[in-house]
Ligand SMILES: Cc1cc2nc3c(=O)[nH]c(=O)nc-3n(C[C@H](O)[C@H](O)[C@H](O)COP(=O)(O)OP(=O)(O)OC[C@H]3O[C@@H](n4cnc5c(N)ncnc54)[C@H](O)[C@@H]3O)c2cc1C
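There is one chain below, alone, in structure tokens, taken in the form predicted alone.
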Amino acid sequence: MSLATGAHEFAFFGLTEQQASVRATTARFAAEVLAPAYKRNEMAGEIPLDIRRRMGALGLIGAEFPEVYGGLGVDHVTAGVIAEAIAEGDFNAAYVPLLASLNGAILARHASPDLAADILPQIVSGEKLIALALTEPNGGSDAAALVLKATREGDDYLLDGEKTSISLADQADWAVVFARTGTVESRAHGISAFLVDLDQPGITRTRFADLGQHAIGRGSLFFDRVRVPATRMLGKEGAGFVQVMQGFDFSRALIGLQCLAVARVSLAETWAYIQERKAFGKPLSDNQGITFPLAEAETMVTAARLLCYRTLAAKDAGLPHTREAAMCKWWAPKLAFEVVQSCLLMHGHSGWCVDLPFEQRLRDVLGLQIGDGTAQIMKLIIAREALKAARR
């Protein structure tokens, strides 16, 4: 499959002319710039600044933000189109708009107007990276069980504690940090959010040796009496947990499209390969043992993709979509991993070789079966929403 796929492929989504144009621009950039750098960025352990700047110049980061912040002011379906097209070229590069959207929405809604006007354009342009610092060593999936403490001291708060499993931990310039300003017993109601400059004194960073997603990296952030002005609290004290939970419904749909993009590209490459590769005097494509599993994968990927876009459309329409977002998050990463694995195996030993991208894609998508909410947590959300509906 050419990454610069024509707009006709997306006709069944009902894309507007603007969305189709954005799709074509992004897909061209993904094919010409991102795909050739996919392995190189992994080896370097970063998404280079020049690539981020080019993404920003094309409006591919935070596209849903208003123009006053440097965005395009597009809807969330269009933001999904962009994220999907980027991931077709480089799965890890799609993290840049993903984290910009998740953290930027918190800033846009809850930071002071002056702070938002200062920070958001730098993120949208690609000049700066921003991380989400929520997870802690002993909390894991229990996101409300935070112990990192924020203590008021005059016009500042002092942050003490550790965040772990943070994407971009050693690359980000800022982080939206969630800290406990209330008692431990207050759980989610005692958590506040702060915008923290990660280059200031008292902060130590580490990077983990992970199986995949090397261009993004994951690590810990240690805070030792880090002074943060009270003016950098985002929203009201004790309201931070609610803020981030609202944003996850959007990011989970984007993650679904990010993972499915990798599956779709792998499938397209495999359909082409089985027509060229011959065994016992005929193309592999003559063998139903080869084509039927690919047909099943095409069906599942198409269905999951439609679910992701339906979720984004519901967000644009102001309709509930928490259940659908959770479906996107548990299903798409698992499905993508299974599809890429099948495509690797169908390429035989050439697929097993690191010269082809299947092994890197496999390692990269696997991480999102863990990060940003496990399948078990997503299924709890789906069950909760279904039970709620049944009680009405």
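Here the structure is a predicted model, which is why all the values come from computation and not from measurement. Numbering starts at 1 and runs along the sequence shown.
Keep in mind that the form predicted together with the named molecule is not shown, yet the notes after this line are about it.
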| query | finding |
| --- | --- |
| Of Thr135, Thr181, Gln171, Thr78, the one that lies within 4.5 Å of the named molecule in the predicted complex (heavy atoms) | Thr135 |
| The unique member of Ser220, Gln243, Ser167, Thr322 whose heavy atoms fall within 4.5 Å of the named molecule in the predicted complex | Ser167 |
| Listed range touching the named molecule, judged in the predicted complex by heavy atoms within 4.5 Å, from 363 to 371, 48 to 56, 24 to 32, 334 to 342 | 363 to 371 |
| Pro283, heavy atom within 4.5 angstroms of the named molecule in the predicted complex | no |
| Non-hydrogen atom contact Ala383 with the named molecule in the predicted complex at 4.5 angstroms | no |
| Exercise: Gln213 in contact with the named molecule in the predicted complex, heavy atom 4.5 Å | yes |
| Partner proximity in the predicted complex: Gly235 to the named molecule, non-hydrogen atom cutoff 4.5 Å | no |
| Candidate spot Gly70, Ala105 and Tyr309, all three touching the named molecule in the predicted complex (heavy atom, 4.5 Å) | no |
| Heavy atom within 4.5 Å of the named molecule in the predicted complex - qualifying residues of 88 to 105 | Tyr95 |
